[in-house]
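One chain comes next, on its own, written as structure tokens: the form predicted on its own.
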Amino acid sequence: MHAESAVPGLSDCARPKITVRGVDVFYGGKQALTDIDLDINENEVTALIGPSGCGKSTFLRCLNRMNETIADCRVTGRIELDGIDVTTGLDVVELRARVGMVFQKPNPFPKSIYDNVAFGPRILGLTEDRHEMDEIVVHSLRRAGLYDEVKDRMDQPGTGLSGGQQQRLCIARAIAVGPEVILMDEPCSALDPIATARIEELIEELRSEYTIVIVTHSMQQAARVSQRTAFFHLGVLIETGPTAAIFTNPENPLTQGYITGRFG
């Protein structure tokens, strides 16, 4: 259904962290995704691009079974995390601990900054030791590039932070449970350019430890932050490959038309 653009030497040694084969998604009688095959490589950023309503956010939600929370949504096909089927081989709580998610609009809990980050580890019982929890919270905030800005007000509400800080708090909250994959659904769309640049820098820093999949409406952002890009159109994966190849030498005319702004 799609072409794979090849650039010698890029991603040659990459190992797929998530493997998707033959995935279809239906909302009631309407098909939203058709026969999706995609490998998501470990310790890379994969950007999902395409016009509004093309299925990229629907696909993202398949990866941690978030679509199960939507009435009348049905997902078929196979999605594997490290070779394990995410539907039959993993408990959904375990899956969402391993595959964290950051949403479009920052959504800190109405709790303190500390408790926002500690929430997941507490729920999952990762530690009951206060000193260990302190270490998890500080480490997560440091990885999210937020600790120095909030270290003197950890007991204050997370909702009192700026939009960009709130989004980094949500990233720290996702990191705190020790995920292997982080899904980001247009994480910068509600942020100003300065906050967006900080999140993009953070994504590059996090890539060494996590596999990241980002849905973005900004082709410039996809070009800046990702190593691989997948282009969706009308629920079909049209083309995937190294980001540089997709943006400079796409193989499919539909990809070319979207990249050059002829539609979208």
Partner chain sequence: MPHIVKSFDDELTRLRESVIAMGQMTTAQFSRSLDCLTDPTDEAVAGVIALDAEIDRLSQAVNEQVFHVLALRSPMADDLRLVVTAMHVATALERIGGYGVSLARNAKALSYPPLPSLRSVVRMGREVTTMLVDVLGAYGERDAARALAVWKADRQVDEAYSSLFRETITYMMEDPQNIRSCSHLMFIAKDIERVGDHATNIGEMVYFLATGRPLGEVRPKGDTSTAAGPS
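Remember, it's a predicted structure, so these values are computed and weren't measured experimentally. Positions refer to the first chain, counted from 1.
This next part talks about the form predicted together with its partner chain, which is not shown.
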| property | result |
| --- | --- |
| Complete contact of Ala223, Thr248 and Arg262 with its partner chain in the predicted bound form (any heavy atom, 4.5 Å) | yes |
| Residue contact check: Ile238 to its partner chain in the predicted bound form, 4.5 Å heavy atom | no |
| Its partner chain contact in the predicted bound form: Thr19, any heavy atom under 4.5 Å | no |
| Touches its partner chain in the predicted bound form: Met219 (any heavy atom, 4.5 Å) | yes |
